[in-house]
Every structure is written in C-alpha cells, then in structure tokens.
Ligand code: BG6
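Okay, so here's just one chain, in structure tokens, the form predicted on its own.
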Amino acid sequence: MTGSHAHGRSDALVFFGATGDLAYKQIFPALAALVARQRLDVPVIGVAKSGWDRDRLIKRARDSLADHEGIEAQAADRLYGLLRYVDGDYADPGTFKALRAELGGARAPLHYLAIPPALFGTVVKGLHESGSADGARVVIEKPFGHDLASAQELNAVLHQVFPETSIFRIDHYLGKEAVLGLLYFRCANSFLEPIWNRAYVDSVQITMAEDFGVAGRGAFYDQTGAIRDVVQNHMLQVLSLVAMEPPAGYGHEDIRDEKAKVLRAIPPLRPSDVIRGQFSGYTDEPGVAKDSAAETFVALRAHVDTWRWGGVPFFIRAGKRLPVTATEVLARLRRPPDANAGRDGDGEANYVRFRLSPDIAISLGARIKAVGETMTGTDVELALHEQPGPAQLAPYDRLLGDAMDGDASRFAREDAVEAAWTVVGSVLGDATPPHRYQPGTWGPEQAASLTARHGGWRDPRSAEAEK
C-alpha cells in the first residue's frame, strides 16, 4: 500500500470526469464557493478524455457558474486562474505521467473520482503507478457498489493503494445542513434524550418523496432502482443519525463509530418487510426496458436490535412521481393513558418531526384542550425551529472542503457501507413483485399495511395544511 496517510491540508485537487455532468452541475459551483470562503488556493486539475484543452475547460467552468446564482465574480476569476487540464485515456499510463508532471511539487493531492465505478480500478492503478497516489487522498462518488460483493471488491481495489483513512466515500446527504442539524438537536437538548428510546417512542418513519420521475436518467435508474439509489445510502444514513448513541466527542471517527453500530444492529430485511412499486408509464421512459421490474417506489420496515430501540419499527419510504418533493423524519410517541385526557383518544399521538427538505423545520405534535365546556382536545404542532433552505452551505461545498482538510466524519466508512448492503442485500432485484401505482399518489396501496398498526404513514403535506 503506497498511499501513506496524508496529514494536513491537500495541496492540489484533481478531478477525474472534468467534462461531465456532475462537474458542471455541482463541482464547479462548489469549487468557486470554496475559493470565495478562502478555503481553496491550490492547483485544480481537471482530467478527462474529451480532446479538450485548458481554455475549453475554463469555458465550461464559466458556463457552469453562469447557470448558478450567487457566485462572486472575483471568486470565479480566481478559480479560473487555478484550473489546469490533462486530456487522455484512463487506461493509458501516459495520461498519469502528464498528471504527475502537472502536479509539480504537490505532495498531498486530493483525487476526486467523478466517473463511473467501472473505471475506479483503472484510475487507482494509474495513480499508483505514476506516483500520484503517494501521500494522497481519494474521494469516491456513489453508487459504492451495487451489492455487498461488489462493494467489498471495490474496497479491496482501493485498499491496494490507499489506506482507509485516505478514502472519502461521498454521500451528499451527509453534507446537508438539515441532516447535521438533526444530530445536533438530538444531542444538544436534555429534554429529548430521556424519551428517545423504546419506552416512549412507538415508531419512526422516514419519507423521501419526489414529485418528478427519472428525469432523463432512465437507463441508469433501470439498472439501479430506489433501494440502491437512495435507501442503501441516504435513508439508512439518516436512520443511523436518528438511532445512534450520542458520540463520545466530535472527532473524525466518533460519529462514524456510532453510526456503524446502528447499521450492524439492523437485521437483514425480509421480503415480507418490503413493498416495491413502479409508477404507471415508467416503462415508456427512454432507456427503460419494456418489461422492467425496477422499483420507482419502496416502503419497508426495519428494526434496530439495540437496548435503546428493541421492538420499535423504523419505516422508510422513498419514491418518484409522488404528490410532493419533501424529506422528513417522524418519531411517533406512545399515547398517554386516556384516564385524564377526557377519553378522547381519537387525536394524533404526540410526535417529534424533523423536516429535512425543501425547508428545514423541527417541531413537536402536541394535544391541547379544545375551547368549550368539555374536556376534549385538539392537535397542534409547536414549531421549535424553522429556517429557509437556500441560505446554508451547499453539500458539495462542505464535503469537498472537509476532504481537503482530511476530515472524514461526514463521509461513509467501509464497515458502514458494507453493513448497509448487508441490510438490503436479500431484497434487491426481484425478491418481491413491483406493484403498479398512479403518478401523483403515495405509491401502491399495499404500502399502507406496513404502518397500519402504528398510526399509518403521515403525509408530509399536512405540515403545510396545519400552518
């Protein structure tokens, strides 16, 4: 293993796939934002096989930043000055010799692989053989494997060259302000911790709804499906933040240790825990097989077999062409005995709600006495904290800055990735049949059976209705 662990801040940033879609949509704006915050002042080297040159890459960066509001002109100009470009085939050792020459005196570069996973092995080998991996860190985009075996294989390829401490598996969800806020709120408030367990929590549900379809990514999505696309990574990461023990500290590994424990404590899902759905019209999308069984919706029931959460079901649902685009976590509390509540047990149970997008809100569902003679109640929601979405740091700004600093706390670690694949492994592919659902509905009606004994699924739109 040659990539001896790099200490301190990276002294160059190399991104493979520099002419691609991800670079255009996310990486250029993130780099400009880092320059504006004075967190990036080292050479930025784009690598691709496009027959481009440096001028063409700068034009691409200009076009990208013109599409993004709020980028300072000065920061953009400084970024263009940092840009370099290496053109060549990833299978050609000459490409990596040219990269090593372009790195010059850099001894701790950060290599960002914004390329298809099939090319990771080729690029890692090229970095190693050219000496470009020495003292370096590497950032890997998701999907990280498509099942447990491929994730383990990918880890083995990376570990031939890089130690685990130098590997940063990016999940942009972990850079979201709201997701970080969820963990902070849980650990910073002493009124929540005493009830955050099986004695008081009846169930937890996590919803990630999108009102759009596959948006031109039919061919990718058809090979992937909702479980691989968002459950194995984003949803299980959010679940682990909800269910983990408070970390001993906020060092790089403290949070990751606790999250990995949660993922290891979730038994593998059984087909009876999972309802898959596919929206009507999906097979007409470009790139999608006419007989596709890929799921565009999934609802599932998981358990976390720890002392804190034993017996509490965790429900997850995620899907496309649903009624709204929103992500939220809802922890329903057990009902109080109704002896003193006027026996009007038909109201909603108390709950704690974390709204992660499109807006950020933390609120409590409570019951108060209705005006009048009788002791009957009415449901209210108490907003503890609300803030609009756009003001915060974008996930890629935060994560690329963290990777440059060597702070891995918001990246997925090998054991956690493999544990998450173990959870979903037995329900991938056609382990359960996909049920048809109409666009604009909450997925197939079978999904309701999962939560029927725990108050049903909560519609994220009811928060708007109650305002």
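Note that residue numbering begins at 1 and tracks the sequence as displayed. Source: prediction; values computed, not measured.
The discussion below concerns the form predicted in complex with 6-O-phosphono-beta-D-glucopyranose (BG6), not included here.
This chain is displayed alone, yet in the model of the complex one of His128, Arg264, His172, Arg84 has a heavy atom within 4.5 Å of 6-O-phosphono-beta-D-glucopyranose (BG6); that residue is His172. With the partner omitted from this view, the residue of His234, Arg317, Arg321, Arg301 that lies near 6-O-phosphono-beta-D-glucopyranose (BG6) in the model of the complex is His234 [heavy atom within 4.5 Å]. Residue contact check for Asp397: none of its heavy atoms lie within 4.5 Å of 6-O-phosphono-beta-D-glucopyranose (BG6) in the model of the complex. Although the partner is absent here, Lys142 sits close enough that one of its heavy atoms falls within 4.5 Å of 6-O-phosphono-beta-D-glucopyranose (BG6) in the model of the complex. At least one heavy atom of Phe212 is located within 4.5 Å of 6-O-phosphono-beta-D-glucopyranose (BG6) in the model of the complex. Taking the partner from elsewhere, Arg217 is found to have a heavy atom lying within 4.5 Å of 6-O-phosphono-beta-D-glucopyranose (BG6) in the model of the complex. None of 188-196, 301-309, 347-355, 203-211 except one has non-hydrogen atoms within 4.5 angstroms of 6-O-phosphono-beta-D-glucopyranose (BG6) in the model of the complex; the exception is 203-211. Within 4.5 angstroms of 6-O-phosphono-beta-D-glucopyranose (BG6) in the model of the complex, the stretch 226-244 places a non-hydrogen atom from each of Asp229, Val230, His234, taken in sequence order.
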